[in-house]
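Just the one chain here, the form predicted on its own, laid out as structure tokens.
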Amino acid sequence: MSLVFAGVCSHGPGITGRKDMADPQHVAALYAAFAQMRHKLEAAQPDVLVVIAAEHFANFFMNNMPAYCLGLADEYSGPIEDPEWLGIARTTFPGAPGLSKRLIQSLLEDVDVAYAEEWKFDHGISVPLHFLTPACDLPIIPANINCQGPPLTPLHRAWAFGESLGRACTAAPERIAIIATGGISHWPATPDSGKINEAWDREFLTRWAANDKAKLLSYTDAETYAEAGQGGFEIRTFIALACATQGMPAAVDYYQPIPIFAVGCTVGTVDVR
């Protein structure tokens, strides 16, 4: 089996950009959870890291918004945001275009996935990589699910995307790690920024850890928007990873609502052994 590591985590820009404004104990615990995730990732010795993320109008806009897209570049740079604001220095990450092309070809058997040979990482990818690949030497394949501009892909199609991606990774000879990153409940760039629905988050994470397909796919966008904000649409990334790793035990290693970070901060891992 070529899938050697899988996990989920939050990517809110405040996690790095406003770390000095949060409760120091919360910051220490969150950063420790990211460090533990990094140690597990490094121990798995992957050849490449696939990052299923939600892009925030940095590369795709309403004139061209693919439901699914994989990166096919030799290298990627990021963050696209002001490094001083985000608290992350701009850098370059190696890509894995050969493997990416094979994954795309396999995915096209099931899902109409787009590809991009040019891609700037925004905080949705740069924040997790800041913690998980600090040397910036692990080849990256970004995989975007549109969670920003309706009409959004149905949840059952996000599940199908994850299933196809998991199958493609399993068939590849490379050692592949996958992380999915998004918020759970959050209301970014609105007057409600900083609001977090902890009960909704914990229920979703229970469903994610149990790999409960029926309950994960039971959410409607109207319900999610009302209970978890427009940022809640990013559950699609977690759902895709759940399907890519279905049948494998998962655990929520850390969850804490941190309002100054504007998101319920999450780290979870899957036992792919």
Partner chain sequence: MSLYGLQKLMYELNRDEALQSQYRADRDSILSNFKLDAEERQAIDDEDIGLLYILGVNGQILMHFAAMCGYAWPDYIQAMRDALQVHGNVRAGIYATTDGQGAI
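Residue numbers count along the first chain shown, from 1. Nothing here was measured: the structure is a model prediction, and the numbers come from that model.
The form predicted in complex with the partner chain exists for this protein as well; it is not shown, and the discussion that follows is about that form.
Contact check for E81: a heavy atom falls within 4.5 Å of the partner chain in the model of the complex. Taking the partner from the other structure, the partner chain in the model of the complex has no heavy atom within 4.5 Å of any heavy atom of A251. Mapping the unseen interface onto this chain, P134 falls outside it, with no heavy atom inside 4.5 Å of the partner chain in the model of the complex. The partner chain is not drawn, but in the model of the complex it has no heavy atom within 4.5 Å of N211. Proximity to the partner chain in the model of the complex, taken as a non-hydrogen atom within 4.5 angstroms, holds for one residue of F238, Y68, F204, F233, which is F233. Exactly one of the stretches 117-125, 154-162, 135-143, 173-181 approaches the partner chain in the model of the complex with heavy atoms within 4.5 Å, and it is 117-125.
Counting a residue when any of its non-hydrogen atoms is within 4.5 Å of the partner chain in the model of the complex, the hits in 142-168 run Q148, P150.
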